[in-house]
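Next up, structure tokens for two forms of one chain, structure 1 and then structure 2.
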Structure 1
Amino acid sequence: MRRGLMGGLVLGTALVAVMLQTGGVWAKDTVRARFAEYSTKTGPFFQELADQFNAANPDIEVKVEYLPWPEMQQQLMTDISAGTAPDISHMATRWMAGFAADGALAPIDDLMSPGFADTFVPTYLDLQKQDGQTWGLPIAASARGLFYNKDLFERAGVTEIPTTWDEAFEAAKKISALGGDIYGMGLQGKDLDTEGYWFYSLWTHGGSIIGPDGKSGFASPEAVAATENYLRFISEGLAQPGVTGSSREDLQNLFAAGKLGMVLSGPWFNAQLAEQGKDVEYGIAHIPVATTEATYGVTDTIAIVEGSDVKPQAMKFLEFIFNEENRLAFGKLEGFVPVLKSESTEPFFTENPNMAVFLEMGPVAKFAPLLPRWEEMAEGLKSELALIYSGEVEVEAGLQAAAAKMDALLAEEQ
């Protein structure tokens, strides 16, 4: 009896030691995962996934955090500097290059299960790669299109959906002539993605961000024509007042209120209109063209931070949220285009005209370059565009200043 008790104590002690050494059920690994909010539904969605994952994985506890998009970049930079970054972080893909170059992100190629990478649409996963390594996963992808208000078109006598910028200009004149506080075209001049709004015009005029000589394309003849294209909407009073004070959200709110005839935006806008623009009958068309069909393609990334002590556990959670069922649910919730091959044939995307149009434009989508100092280059462009839109600087002078700053930053990287 005594020997049995002692034997049991010895066995129990050994078992406890093994469990503690191996991180067993008594020592959960905690994974902090931070997400950016696309809508008020984003945080609760990932919290529900974390709850499911935690229940199925008793040795891991995922704790979900979420922040508004405008706060994400600065907060991540602050946390990385302070050593308080989460294990998993959401970010714009265009930020990823800088974080990866600074050593803040972990390459995930060796963390992924065999075959997992093959479940993605190659176009979107390839954007997560630099220097032969994969730095994150495409948590969101979108193309952009022309949202137009059917009622305002009808009242203004516009019977054809604009396919060129000249047609959009003529339609905007008729819609703005309705009077009151109704305007033909929304133009963005402030905050996140202001440079992206300009890219619509740049690319459809045949321009490029980086020219064939490897230098900035911000001051090319095509870029000048693209900028003058927007200026005519402003100078004729066809865009909303105060373009340089208008963010993407401001434009979307005006459209949802029935005050704009046209605005350029992405598939997520459908969800906002379903809630806030129920009285607006709208359609979505391709971006108007000057010389070249194009649209702005954007991906967001979710990555594992290099300082994490639980990288394999973090990867396990990422593979859970990117399984076919969970990924499809997220795409439907927020309205993003498919990033998994299995999503691409879903009727939700292929049979819904408000989603299918974005899939149609996928082949002509262009992306911002993955350059470590791209954000500084984009900020230089945004500053000059604000001066140009407000009439403080001539088009060519402003664009040349933006190009000079970009070229200087490119030279510093070489």
Structure 2
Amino acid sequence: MRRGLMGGLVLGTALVAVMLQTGGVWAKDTVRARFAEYSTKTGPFFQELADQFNAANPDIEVKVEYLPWPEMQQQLMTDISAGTAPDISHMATRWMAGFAADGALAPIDDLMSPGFADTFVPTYLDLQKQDGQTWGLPIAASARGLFYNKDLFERAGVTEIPTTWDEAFEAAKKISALGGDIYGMGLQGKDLDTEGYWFYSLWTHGGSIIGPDGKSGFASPEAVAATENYLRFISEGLAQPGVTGSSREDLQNLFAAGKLGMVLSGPWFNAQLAEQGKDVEYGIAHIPVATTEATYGVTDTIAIVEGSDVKPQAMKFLEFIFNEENRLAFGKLEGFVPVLKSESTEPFFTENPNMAVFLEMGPVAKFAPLLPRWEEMAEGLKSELALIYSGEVEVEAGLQAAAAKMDALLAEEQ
């Protein structure tokens, strides 16, 4: 009796498993979608969208997962190699290059419905392309600007908002002269995006990450000038002390505490200031220029994983996320630059001066190159920048070392 019961249970379980595998008549296609958190609101927002989508599509069930950003890359790598990856995954666009090159992602050109690709701002969708294929959709896009503390500007007697680096330097001098733990300019030397902070200066001095000869532009004369531009802030004591110990969060905290005159950051910083820096009266201007107007643009990608068995269903959900209404709601929630053409004219973005500046700078935005080994090149640069900022290595020697490392990696790639 007992044995019979056990046998029945085992058989029953096996049957259910088989039916789930092959998709019985009543089974739904399950789509696992993994998102990274920009804030605590990100996960619930997508969960809500999935609920709506599931209600409208009885044959598909989208399951939402969400993780903090720092864990995304490791988790995705581990999952793909173990065959347990979700069907849809969020990632930084710069990781996408490597994943696409290694065959981990599905090209989506043939999955998209006609006309869908045309709803995007071309700059941002083009970034998701490589080797003639589109590998994902730009879920978030941001440009960067100069945040300045109006109160400190006034107290220091700076009336003009700096438009050039020299003006920024003079303004920083006056602000630092106020004393009392107040510094003119925040400079980043540690952790995520340290290289990006240097790109602001590189690009506005007319430099580029990859030179016209296809080799690293890290040691070009423009790059040297860009680095010396930052060094003068450090050597004159106009930047916060310990640049090599300051991460993006450290700078943002300092600015939110009213201790920094200027810092370069992106639209997400508005949200942090609204919460933590209520007393800080600030404005946002274009990145100061030396020779060329530029800003750092970054997109994040949401892609379909190659191993997925439900690619068309996954694409259907992505198109739902990126419909005009939902994408606008997401942009408003997290404060990102519009990626759909239709959003660009939304009053939320055009009438709010703290958002409009990022829209204005869109046309001059530059991006990190899509190279599979970019992370390693950036790490080499970061490491040398820390030595340069702390005064242990001469500018040119340090930049040449970073360029040599990048060139070696570029050569290995081919």
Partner chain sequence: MWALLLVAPCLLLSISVIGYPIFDVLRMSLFDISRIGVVRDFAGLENFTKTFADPVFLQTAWQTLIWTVAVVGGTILVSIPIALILHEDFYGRTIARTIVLLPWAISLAMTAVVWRYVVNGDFGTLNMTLSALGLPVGNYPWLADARVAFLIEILVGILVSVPFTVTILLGGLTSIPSTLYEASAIDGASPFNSFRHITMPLLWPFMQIAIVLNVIYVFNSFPIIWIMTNGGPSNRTDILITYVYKQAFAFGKLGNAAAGSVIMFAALLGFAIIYLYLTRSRGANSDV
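The term rigid core refers to the most C-alpha atoms you can superpose between the two forms while keeping them within 1.5 Å. Predicted model only: the values in this text are computed from it and were never measured. For residue numbers, the reference is structure 1: its sequence is counted from 1.
TODO: Compare the two displayed forms of this chain and pick out the form predicted on its own.
DONE: It is the first structure that is the form predicted on its own.
Open item on the list: Tell me whether F53 is among the residues that move between the two structures (Cα shift of 2 angstroms or more, core superposed).
Closed with: Result for F53: yes, a 2 Å-plus shift.
Task: Post core alignment: G83 C-alpha displaced by 2 Å or more between the two structures - done: True for G83: a C-alpha shift of 2 Å or more.
Open item on the list: After core superposition, I'd like to know whether D309 moves between the two structures (criterion: C-alpha shift of 2 angstroms or more).
Closed with: Yes; D309 is a residue whose C-alpha shifts (by 2 Å or more) between the two structures when the cores are overlaid.
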